[in-house]
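Okay, so here's just one chain, in structure tokens, the form predicted on its own.
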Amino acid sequence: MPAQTPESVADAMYAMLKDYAGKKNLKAMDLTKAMIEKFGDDCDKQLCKSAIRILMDDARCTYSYVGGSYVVLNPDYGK
């Protein structure tokens, strides 16, 4: 498997967030652990941090501060 790029990890995170939307809130560390488990040695914490930054900069996701800091889908994305 080729080394992952921040963009590909961001796409995988976005897909995971869409799957869990309305069911469970995910923290940044939950996403990081899931991506490391999914991609193995091709993914590390720094790559996941870059991927989360891409999601925030593209406005696909935002942070929610309800009893903790969660990464959530941006309801205004794509409008």
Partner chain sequence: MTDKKYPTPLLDDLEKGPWPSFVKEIKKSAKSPMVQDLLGLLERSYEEKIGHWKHGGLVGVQGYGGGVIGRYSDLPAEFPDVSEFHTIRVNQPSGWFYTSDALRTLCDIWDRHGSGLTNMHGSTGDIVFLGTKTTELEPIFSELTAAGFDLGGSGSDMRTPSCCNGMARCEWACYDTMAFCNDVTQTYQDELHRPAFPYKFKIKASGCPNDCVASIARSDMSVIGTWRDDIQIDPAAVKEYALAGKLDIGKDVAGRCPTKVIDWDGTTLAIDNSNCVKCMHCINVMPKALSPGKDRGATILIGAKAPIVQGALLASVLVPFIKLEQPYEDVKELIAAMWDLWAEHGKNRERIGEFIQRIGLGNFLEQIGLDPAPEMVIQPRTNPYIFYNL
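Residue numbers count along the first chain shown, from 1. Note that the structure is predicted; figures quoted are calculated from it, not measured.
Below, we turn to the form predicted in complex with the partner chain, even though it does not appear here.
Not displayed here, the partner chain is approached by C61 to within 4.5 Å at the level of heavy atoms in the predicted bound form. Using a 4.5 angstroms threshold between heavy atoms, A21 stays clear of the partner chain in the predicted bound form. Although the partner is absent from this view, K38 stays clear of the partner chain in the predicted bound form, with no non-hydrogen atom inside 4.5 angstroms. At a distance threshold of 4.5 angstroms between non-hydrogen atoms, Y14 is out of contact with the partner chain in the predicted bound form.
Contacts between 13-34 and the partner chain, taken as any heavy atom within 4.5 Å in the predicted bound form, involve K27, A28, M29, K33.
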